[in-house]
Ligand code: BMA
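Only one chain is included here, represented as structure tokens and corresponding to the form predicted alone.
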């Protein structure tokens, strides 16, 4: 029985591997990583930075597929165990509210979340520059694109799994039209997923080296008795390029622009070959979690080196204890962000 409660569903078939004996970190890798390989499907060179949810007793995912022409689009994948995946060869076909074809020019880094009876995909799309795209589905066959939540330039959009104070809530990172060398996490609210406002600053880049350049939201926040548990990425610039690591924090349950605890140390950083070597080396990029309320187990899906999907594990007790033990809040973190 976990001392920290997760307000999620029970997921008895969550992919899981016990912590290796003698391992000291709060997050440990699946020993058979990566769970996707190169050229996983005809026309797709690499699958990475992708999101997964439970579905009909098994698992479904929306995956970033880098095509052979170098353009990213979104593809569906299905799995019985959350580890071995079968991908559809055709990219997801989006339609508008009238049922007419409405495909993005490119689409990457999706997040996938269920709110009430509907699944929502949010991703980086083309809107006269990088911006956030949003779509809904109930059956993973019919996908309706909705209004773009924001103007360019923005990335790393993540929806909370339920309304807060009557509104939908989204995290994002305003950016520019390049490979942004800056970035903080912000929050926006909407009564209807169309009109967004009440913008708040959530977190600044950290004082710590590993997150000193920019940060961005990762998996959808997990509701716990301690607050919203958020896995995010932090980036540092080195003489050999950017390095992406995974961090963790806890946001206030009613006012999530307030950070309650924030680990000053990363929870995972590139160390294995599939994280250090790839199309973009030295990347650990969290995008999704699966959560089992009964056991407190959390499985984390992350992109590795812009080439693979990998899997890691923790428990809610262990990660919350780690965040509190290594707490390193800034004054900005404590504020409501107006």
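Note that the structure is predicted; figures quoted are calculated from it, not measured. Positions refer to the first chain, counted from 1.
Quick note: we don't show the form predicted in complex with this ligand, though the next part is all about it.
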- request: Choose one stretch from 265 to 273, 51 to 59, 36 to 44, 280 to 288: the one whose residues place a heavy atom within 4.5 angstroms of this ligand in the predicted bound form.
  value: 280 to 288
task: Report the residue, out of 75, 244, 232, 123, that has at least one non-hydrogen atom within 4.5 angstroms of this ligand in the predicted bound form.
output: 244
Interface residue in the predicted bound form among 108, 153, 140, 85, criterion: non-hydrogen atom within 4.5 angstroms of this ligand: 108
query: Is residue 306 close to this ligand in the predicted bound form, meaning a heavy atom pair under 4.5 Å apart or at it?
result: yes
4.5 angstroms heavy atom contact with this ligand in the predicted bound form for residue 64: yes
- prompt: What residues, if any, in 159 to 181 have a non-hydrogen atom within 4.5 angstroms of this ligand in the predicted bound form?
  reply: none
